[in-house]
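Shown here is one chain on its own, the form predicted alone, set out as structure tokens.
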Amino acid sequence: MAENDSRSPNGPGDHSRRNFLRGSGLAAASAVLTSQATAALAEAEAQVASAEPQVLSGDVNLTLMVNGKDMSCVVEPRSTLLDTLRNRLDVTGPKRVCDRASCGACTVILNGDPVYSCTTLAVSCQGKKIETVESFDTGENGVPHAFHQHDALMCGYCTPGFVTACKAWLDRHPGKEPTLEDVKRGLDGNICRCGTYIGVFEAALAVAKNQKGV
């Protein structure tokens, strides 16, 4: 009470320890918030700068991680992943058939996802994991073996794409025994002009069953 009584709203004794502490606390909080805001602003600016598209021209030195190995070459910025794999890095498993992302023969696995390499820019794949049919297990529990056992090919142009799409689905659903509908959805986007779909589906179901039993 003595402290309250001594304070005058208008006089020189209006400053109290409580007001002083309140003011100091606000100043400290402002300093912290300002520091945090500055840091957040700097981080946001860095993110925006890194998200800015780079303009590439001329020859580009490129290193791709293909089937667990770093492979380097020089390409034009417009080069597709399919062209780079086949023509620069001698990785010929992915096939060029339609060259317009319609048939799936060029399918590769990019960071776990099946993608059409004929419409993917090679420069966009730096730092990502690329898997092609060359790296797949060819043993009894592998997808290529199942395709062979179930006669799931005729002319063979589409086969690497089907095998790759099948492996990508199995990798994303480990231990699951798919239904026929699951297989159809997993291979959607791959086309066989010879019509060997029955063999392809049987191979996919068989390899999933074998892998579940491992």
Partner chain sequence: MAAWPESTRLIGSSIPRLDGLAKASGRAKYPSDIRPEGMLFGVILSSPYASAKVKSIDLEPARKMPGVKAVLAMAQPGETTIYYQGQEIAAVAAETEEKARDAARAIKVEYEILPHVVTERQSSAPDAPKVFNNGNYRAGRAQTAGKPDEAMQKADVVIEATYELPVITHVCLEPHGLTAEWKGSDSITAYASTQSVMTVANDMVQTFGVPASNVTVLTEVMGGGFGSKFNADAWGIAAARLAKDAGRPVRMFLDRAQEHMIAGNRPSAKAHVKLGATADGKLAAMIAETSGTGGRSPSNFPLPYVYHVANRSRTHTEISVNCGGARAMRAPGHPQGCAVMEAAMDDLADKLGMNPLEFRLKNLAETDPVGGGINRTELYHEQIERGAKLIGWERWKPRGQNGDGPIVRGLGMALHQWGGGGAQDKQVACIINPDGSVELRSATQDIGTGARTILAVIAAEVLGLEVGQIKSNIGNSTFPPGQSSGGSTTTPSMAPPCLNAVTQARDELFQKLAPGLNCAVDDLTLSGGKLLVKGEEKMTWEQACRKLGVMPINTIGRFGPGLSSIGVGGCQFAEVTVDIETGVVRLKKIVAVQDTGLILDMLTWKSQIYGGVIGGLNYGMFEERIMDEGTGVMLNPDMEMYKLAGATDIPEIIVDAYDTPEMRKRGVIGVGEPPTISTAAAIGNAVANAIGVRVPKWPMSPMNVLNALAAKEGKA
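All values derive from a computational prediction rather than experimental measurement. Positions refer to the first chain, counted from 1.
From this point on, the text means the form predicted in complex with its partner chain, which you will not see here.
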(message) For its partner chain, considered in the model of the complex: do all three of 71, 172 and 175 come within 4.5 Å of it, counting heavy atoms only?
(response) no
(request) Evaluate residue 79 for contact with its partner chain in the model of the complex, applying a 4.5 angstroms cut-off between non-hydrogen atoms, and reply yes or no. (result) yes
(request) Find out whether any non-hydrogen atom of residue 113 is located within 4.5 angstroms of its partner chain in the model of the complex, and reply yes or no. (result) no
(request) Indicate whether residue 126 is a 4.5 Å heavy atom neighbour of its partner chain in the model of the complex. (result) no
(message) Check residue 83 for me: does it contact its partner chain in the model of the complex (non-hydrogen atoms, 4.5 angstroms)?
(response) yes
(request) Could you spot which one of 165, 62, 158, 66 gets a heavy atom to within 4.5 Å of its partner chain in the model of the complex? (result) 158
(request) Note that its partner chain is not shown here; using its position in the model of the complex, name the residues of 167-187 with a heavy atom within 4.5 Å of it, in sequence order. (result) 184, 185, 187
